[in-house]
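Only one chain is included here, represented as structure tokens and corresponding to the form predicted on its own.
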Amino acid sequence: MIRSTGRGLWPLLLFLSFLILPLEGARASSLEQARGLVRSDKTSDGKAWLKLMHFRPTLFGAESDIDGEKFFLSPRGKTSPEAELQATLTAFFDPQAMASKEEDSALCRFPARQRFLRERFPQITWPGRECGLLQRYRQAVSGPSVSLVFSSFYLNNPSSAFGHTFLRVNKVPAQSDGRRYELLDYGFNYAADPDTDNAFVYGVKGLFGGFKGTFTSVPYYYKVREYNNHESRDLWQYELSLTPAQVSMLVDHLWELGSSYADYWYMTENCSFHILTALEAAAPDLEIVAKLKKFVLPADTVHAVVETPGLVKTVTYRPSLRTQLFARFDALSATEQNAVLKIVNDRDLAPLNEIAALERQSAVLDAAVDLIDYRFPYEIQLPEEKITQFKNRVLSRRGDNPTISTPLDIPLPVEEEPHRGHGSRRWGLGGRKVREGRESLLFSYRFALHDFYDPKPGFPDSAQITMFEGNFSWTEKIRRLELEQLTLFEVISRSPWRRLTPDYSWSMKVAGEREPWDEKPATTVMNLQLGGGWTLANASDSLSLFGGLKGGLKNDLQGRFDHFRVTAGPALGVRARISPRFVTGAEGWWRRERRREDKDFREISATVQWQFARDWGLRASAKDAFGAQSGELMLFGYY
């Protein structure tokens, strides 16, 4: 019986071999043809493949910026474009790619590579298979165009103090009414995946590549809720002139990146850098990354994109919840404004009864809802919170009012457009004259980003963000360059106090400085400063007055504990911005320093700056510090 059954199987096996062997032969033939074409075409050396694999030249060849092993099919793929290309061809023609699970198949994992090779070598019969997960992803996120989105500066989060950029794929208008609903678009983001809540550890690991950076895709309304609402950051949207085919390539490439990661470096390989490399992978003729400096800030990438001829089609603005709240509140009368504040502060709808007209009641309720959302962005997401229950009462009362809300008309704040701002770096050259007659040449360099006397366009007027600023002097007598000050970082927030948003002002500074002590020659001290207070401003914020306290801890770097000294005292400041490019102001700090004995000091300065071009400014200042009076004149160049 067994022998008889065996004889009966031979015809079937022979028949199957006639079917399978030609297929295997065809695959082998196509694979060899593909290998021959990519070698003769030198595909692995071409910029399209190099950008698709995120390769950059090194001293010893090339290396990919992607660090996750799942992104590579060859063990040498991270450092060898040719090895990765050959491994990709082998994987595409591997019979297992057709039979394996979708998440294990190279044909489903790397659709952008497949698209690239199909378009470059159409004469080859490329294999294909159904990829259900990939198709559902494409249907959910695909669209005809893409925008670069810049989320404005947010000082309360170290990772966002310099702004943030991400991509948005713009979907087609709805079939039902032909309108576009941008909240249904998809946002693509690259960010650090932190494993700590400690701000110091976060900063150290972020600076030195201690976090994995991951690529994620989320509905755009999540990004709006995070940035626009929770953090009250304006969003600037730059629609790019990529073709639909390039947008599809970008979507496929982001699918490839989603399962991998790249080590996150806060100052170099950050959100802005990797977003641009993804763009260039989809449109390799773009040359944006090459224009960037070694250290990359989000504002730099916006400049690079806008300055690429023909790349930006339109610029649109999505105001933050705070901006919308002020627009609603300022349109109310004094009585209506008081009603809004009482409703939210007392959590009582009774003040609404003082307003007779239904349309005015609706305006008050709309402003009250915005104020609740602004003050309690996280609490209102929890149903059990009392403020959430009160908000539901306000919404219910608003639903009973038949009046249709008047759409907000917030004009585009042209002077705040990020691409209009000065360069993120600044160098300075000038001179100082001390009252006793000593003169010095002054040199300065600031890595980033903006201070209160820099020009306003493109930057928050109520914030100063400084990182790695060095100031040096040279005198005829000493004949050497001396360090005056090295600021590691300084952040100052002076959001004006208002009834609607009773913000407080705060500051933090870490720096090394030269200063006199006990009438001895100047010494270098390490200075940690903290401050707090309030800022009052007029309606346009052109005139502001600050008052508060500032204190610090100093050490003269001689390695002795008894050389630490505590300093504290009142601080005042006034600033008048005459125009976006002309500003003047004065600062004063009266303090007592405690060491072996108490000593009182004062620092007073007056400053005026004129910005005669976007990246050129002239600053004059007079100072009285430690009893020495001096005047300075500096020419600043921004780049």
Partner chain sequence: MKSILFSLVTLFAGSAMAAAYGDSGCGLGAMVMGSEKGLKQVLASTTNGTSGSQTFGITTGTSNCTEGGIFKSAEQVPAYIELNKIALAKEAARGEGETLAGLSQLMGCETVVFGKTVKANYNTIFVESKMEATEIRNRIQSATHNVCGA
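Quantities reported herein were computed from a predicted structural model and do not represent experimental measurements. Positions refer to the first chain, counted from 1.
As for the form predicted in complex with the partner chain, it is not shown, yet the points below apply to it.
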- Heavy atoms within 4.5 Å of the partner chain in the predicted complex: which stretch among 400-408, 452-460, 545-553, 426-434? 400-408
- Contact between F329 and the partner chain in the predicted complex at 4.5 Å, heavy atoms? no
- Given that the partner is absent here, does P244 sit within 4.5 Å of the partner chain in the predicted complex, heavy atoms only? no
- Message: Contact with the partner chain in the predicted complex for D541, defined as at least one heavy atom pair within 4.5 Å: yes or no?
- Response: no
- Query: Quick one: does R514 come within 4.5 Å of the partner chain in the predicted complex, counting heavy atoms only?
  - Reply: no
- Query: Exactly one of N189, S440, S145, S232 has a non-hydrogen atom within 4.5 Å of the partner chain in the predicted complex; which residue is it?
  - Reply: N189
- Please pick, from Y222, F468, W126, F121, the one residue with any non-hydrogen atom lying within 4.5 angstroms of the partner chain in the predicted complex. Y222
- Sequence order please: the residues of 199-213 with a heavy atom within 4.5 Å of the partner chain in the predicted complex. Y202
